[in-house]
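Single chain ahead, written as structure tokens, the form predicted on its own.
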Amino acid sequence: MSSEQEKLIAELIEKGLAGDMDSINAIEDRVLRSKVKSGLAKAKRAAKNAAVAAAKESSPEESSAEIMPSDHPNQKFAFMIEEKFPDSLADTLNDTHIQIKPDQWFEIASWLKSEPSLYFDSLQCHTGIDLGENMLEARYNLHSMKHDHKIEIRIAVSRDNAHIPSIEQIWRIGDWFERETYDMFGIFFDGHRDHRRMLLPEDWEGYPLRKDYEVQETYHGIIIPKVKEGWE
């Protein structure tokens, strides 16, 4: 990366920290925009960590009340994940979901299921989504039948490196979930013991639920209809 590009990224991150996201969203270069957004997320986490450290030093008795997230499960448990697995979150705390990086997902998932105070013993749903801009995402809905709390985990990866650790050995229902997500979106789940397509034949071309998917003209000499007329 050139020094000019580094300077531009730094300037755009400063604008983002000041609340100016229009300048970032207007970047036409997808790679550059992705780097800026990634740098902005890191800068926000660094600022948050600095504020937490300052609060602890200035007022140890009051600091815990100031830094604890809301009681919403997606915030409360995201805070616990970050404490147990530093630098594992890919976004700030929010009520809708927990965005994490893929690297430690297997270890985090094992902990979410085994930690007595969490005990997420049920993987209720797992699916994928094409976010556009060369990004794919896997989403996991977890529920604890013992504690009756639930969270949503999201993991985004680029199409160029669409690999996420498999969790089918932690929640066995994840076996078919992951195979279907691979079949439809082309996300690879590393460590899956039976990693193959589930709905389509192994030699099918492409992943049907990606936004850029184009149906192949033929399959082993059989013409593939483009419309469903006459199928019913």
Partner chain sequence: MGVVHGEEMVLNIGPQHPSTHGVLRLKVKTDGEIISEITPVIGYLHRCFEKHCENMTYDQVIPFTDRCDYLAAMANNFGYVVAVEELMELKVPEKVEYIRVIMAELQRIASHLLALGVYGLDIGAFTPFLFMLRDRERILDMFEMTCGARLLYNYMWVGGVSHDLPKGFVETAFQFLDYFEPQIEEYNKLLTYNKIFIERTADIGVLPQDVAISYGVSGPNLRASGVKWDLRRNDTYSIYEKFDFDVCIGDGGQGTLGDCWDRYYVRMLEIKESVKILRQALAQMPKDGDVHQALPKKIRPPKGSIYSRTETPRGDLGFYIESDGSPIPTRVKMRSPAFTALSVLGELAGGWMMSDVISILGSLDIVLGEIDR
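For clarity, every value in this text was computed on a predicted model and none was experimentally measured. Numbering follows the first chain given and starts at 1.
Another form, the form predicted in complex with its partner chain, is not on view; read the next lines as being about it.
Residue-level contact is defined here as any heavy atom of the residue lying within 4.5 Å of its partner chain in the predicted bound form; does residue 9 satisfy this criterion? Residue-level check for residue 9: no, no contact with its partner chain.
Heavy atom to heavy atom, is residue 71 within 4.5 Å of its partner chain in the predicted bound form? Residue-level check for residue 71: no, no contact with its partner chain.
Using a 4.5 angstroms cut-off on non-hydrogen atoms, would residue 91 count as touching its partner chain in the predicted bound form? Close contact is absent here: in the predicted bound form, residue 91 is far from its partner chain, nothing within 4.5 Å, heavy atoms only.
Heavy atom to heavy atom, is residue 196 within 4.5 Å of its partner chain in the predicted bound form? Residue 196 belongs to the contact set for its partner chain.
Work out which of the listed stretches, 78 to 86, 98 to 106, 143 to 151, 158 to 166, brings a heavy atom within 4.5 angstroms of its partner chain in the predicted bound form. After filtering at 4.5 Å, what remains is 143 to 151.
Residues in 153 to 171 with any heavy atom within 4.5 Å of its partner chain in the predicted bound form: The stretch 153 to 171, when checked against its partner chain in the predicted bound form, contributes 154, 170, 171 at the 4.5 Å heavy-atom cut-off.
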